[in-house]
Ligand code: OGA
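Below, in structure tokens: the form predicted alone, a single chain.
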Amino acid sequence: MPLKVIPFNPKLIDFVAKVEGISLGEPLAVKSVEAIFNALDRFAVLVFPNQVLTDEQHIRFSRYFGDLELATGDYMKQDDRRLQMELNDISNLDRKGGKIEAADVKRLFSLGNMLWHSDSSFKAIPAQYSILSAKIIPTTEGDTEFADMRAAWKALDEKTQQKCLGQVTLHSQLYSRGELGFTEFREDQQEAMVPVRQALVRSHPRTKKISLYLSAHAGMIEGWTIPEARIFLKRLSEHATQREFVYRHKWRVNDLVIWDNQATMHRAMGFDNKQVRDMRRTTIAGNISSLKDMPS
């Protein structure tokens, strides 16, 4: 069965597609990898149903798309990790597979994933692609929403576009977690969370399409007062996450979803912590700093 890319979102024909006719657990031909890249360029979010993968197969597949980030953006120390460093542990499980309590500091930190964000925008070289595999999902809730930042940019009025162009934002997890009132950081964590500079508007490194680059991690705009910057960023995020720009994915076991962080924002939705949710994500580092991709 040949690889098939099927538009999946009735609201935006070029945002989100389902991919069938491929087994990601097997080594892929160059032609198949190119087809996935091309589909990502168009749709930004790809859903691969029924992909039963070991962690090693997940990692091997991810390496087709670039260098993997190590999972350094969470709250866990190395000795607390359940998974290897190439995998972000998107779960409510501890190292031994037991369920983390609702008040556990690691879980409270992870609630920041429920804010609209772009993965690793708090790193000097932010993420390009994220690849998330669903192992165990709650019986209800626990969806993920994606917003098309290309469509959001196109829908802005010209005056606001001009106001955005050339602006540099500062991103840190101190901002996103601070929005939730979370301040329990070790000294080494605070040292690692020095704000980094990102372009507010960027040109995609492959397609050259222009999009907004927003995230809950963005807390300042260079040269602006903090209140003015945060009001403006909040208004942009409200615009970019209108229903017409958003797709909500209802997970099924063994779904694998790839998204392009340079063209989207996303957020996790809430679920009952009494149920187990085990999801595992690899993250592909971008090749160049977003400041080099600022459109003129």
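Residues carry their position along the shown sequence, with the first being 1. Just so we're clear, the structure is a prediction, and the values are computed from it rather than from any experiment.
One more form of this protein exists, namely the form predicted together with ligand OGA; it is left out here, but the text below deals with it.
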Review point. Since exactly one of I90, A199, A134, L83 fits, which has a heavy atom within 4.5 Å of ligand OGA in the predicted complex?
Key: I90
Review point. Only one of S176, S203, Q167, T144 has a non-hydrogen atom within 4.5 angstroms of ligand OGA in the predicted complex; which is it?
Key: T144
Check your understanding: Is every one of H117, W259 and R277 within 4.5 Å of ligand OGA in the predicted complex, counting heavy atoms?
Key -> yes
Review point. Do T207 and ligand OGA share at least one heavy atom pair within 4.5 Å in the predicted complex?
Key: no
Practice item. Flag S172 as yes or no: does it have a non-hydrogen atom within 4.5 angstroms of any non-hydrogen atom of ligand OGA in the predicted complex? Key: no
Exercise for review: With heavy atoms only and a cut-off of 4.5 Å, decide whether A268 touches ligand OGA in the predicted complex.
Suggested key: yes
Practice item. Sort through 29-37, 59-67, 43-51, 259-267 and report the only stretch with a non-hydrogen atom within 4.5 Å of ligand OGA in the predicted complex. Key: 259-267
